[in-house]
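In structure tokens, one chain follows: the form predicted on its own.
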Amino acid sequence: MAAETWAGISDELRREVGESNHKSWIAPLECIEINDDVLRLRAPSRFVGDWVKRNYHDQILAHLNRSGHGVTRVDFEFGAARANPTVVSPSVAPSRSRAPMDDALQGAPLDAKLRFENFVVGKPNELAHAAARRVSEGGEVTFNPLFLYGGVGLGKTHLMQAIAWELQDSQPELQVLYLSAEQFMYRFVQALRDRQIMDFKNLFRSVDVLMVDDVQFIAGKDSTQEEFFHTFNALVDQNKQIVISADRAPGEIKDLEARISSRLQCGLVVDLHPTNYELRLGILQRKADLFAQSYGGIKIDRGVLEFLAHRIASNVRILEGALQRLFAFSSLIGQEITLDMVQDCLSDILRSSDRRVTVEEIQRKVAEYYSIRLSDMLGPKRTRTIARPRQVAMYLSKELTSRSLPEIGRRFGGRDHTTILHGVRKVEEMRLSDTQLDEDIELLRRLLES
């Protein structure tokens, strides 16, 4: 009887609030019971329940009273985990006084493979893994935000999504929103365009855990940075967990506002270091086991994985892609994976991996190009004829190697990472106005990469 009453009220509300609002907020609700003066509904999440209670409570009561029920309040319970959690963002909360935004604000979809059990831990990433595990346990927020940074293919996104999966599985009532910085910016611009900025603010300030990937993309976008800053502060004030990733440390992100950089460094900042041989081999072994299941038990000669771990050191994604290519090729021709097959099938990847520029090589080439002594470049002299080539070498070291700023600083006579950052930014600025310097750098880049 209660379910039938609720079904009728739901239909009435559909006509009043519109199809889109009904689909987002009313349709997901399930009637548990109507008991005395209380209507008990089950909502898929606390966020949805709270929004309905704030915005549709009086309408629901009015319909109940017209149907002969003396209900005076609506209570909510919260349902179990969804069958397929992509993440976990409801529709943008529309106000009743105007039309909803054009489409639902969804977070980025989660990849089912990017869970903790599929993350290979080694010395370069063990601290980041431990911090991510701690956040995924939920409970009291111990460091906020957690800021993960590192180069391409080192595992930032894997750890971000693993946290989201773990929280969704263990605490489905939490509203966990995972998205890229570009998605944040796009949705903010959309809200401005549609004059629904308060809806945007309500959503992002109502989540329990906010996860933003590749935050460097909002640098230089003044309005987006402003909104991100206020969202960040609002969530921290509510003791809500924030997890951020970027390709570099907060203080190294060019055009990121100082106040945002400062706030991002208030929590735990963790660097995912470039992989070492042992970690790459472990990743290959794990992936080989998975691919073998998918491709029907293809055999791999001894030494193949070790060879790949030695030769492809720049990027884990390239490493995994190379292994998958070998399995696909082996499956097509019906042969086991041998070292000869590796040389033939991966010739393009191996050629590009052969040429790995080092900081020391950059220093030698730049010193030779500008006709200065290498010892002067590494020493304390600050004359223009020495300082400018030194800054160029710093810039190229940042651009062409995977070394962090502190590591580059150590190779430039033990200089502080802030000195390296200053040199890099100085060259970036000068390239915009000094055509000769820009040409010099492009020539040096070609010489080093040839």
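All residue numbers are counted from 1 along the displayed sequence. Fair warning: this is a prediction, and the values are worked out from it, not measured in the lab.
From this point on, the text means the form predicted together with adenosine-5'-diphosphate (ADP), which you will not see here.
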Please run the contact check for Arg133 against adenosine-5'-diphosphate (ADP) in the predicted complex: heavy atoms, 4.5 angstroms, yes or no? no
Using 4.5 Å between non-hydrogen atoms, is Gly138 touching adenosine-5'-diphosphate (ADP) in the predicted complex? no
Can you work out whether Asn125 and adenosine-5'-diphosphate (ADP) are in contact in the predicted complex, taking contact to mean some heavy atom pair no more than 4.5 Å apart? yes
Tell me, yes or no, whether Leu110 is in contact with adenosine-5'-diphosphate (ADP) in the predicted complex, where a contact means a heavy atom of each within 4.5 Å. no
Just one of Ala313, Leu281, Val120, Val304 has a heavy atom within 4.5 angstroms of adenosine-5'-diphosphate (ADP) in the predicted complex, so which one? Val120
Just one of Arg195, Arg73, Arg259, Arg317 has a heavy atom within 4.5 angstroms of adenosine-5'-diphosphate (ADP) in the predicted complex, so which one? Arg317
Determine which one of 375 to 383, 149 to 157, 335 to 343, 234 to 242 lies within 4.5 Å of adenosine-5'-diphosphate (ADP) in the predicted complex, judging by heavy atom distances; exactly one does. 149 to 157
Which residues in 324 to 347 have a heavy atom within 4.5 Å of adenosine-5'-diphosphate (ADP) in the predicted complex? none
Mind checking the CA-CA distance of Gln59 and Val207 in the predicted complex? It differs by 3 Å or more from this form, so is it closer or farther? farther
Work out the direction of the Cα-Cα change for Asn55 and Leu177 in the predicted complex: closer or farther than in this form? It's 3 angstroms or more. closer
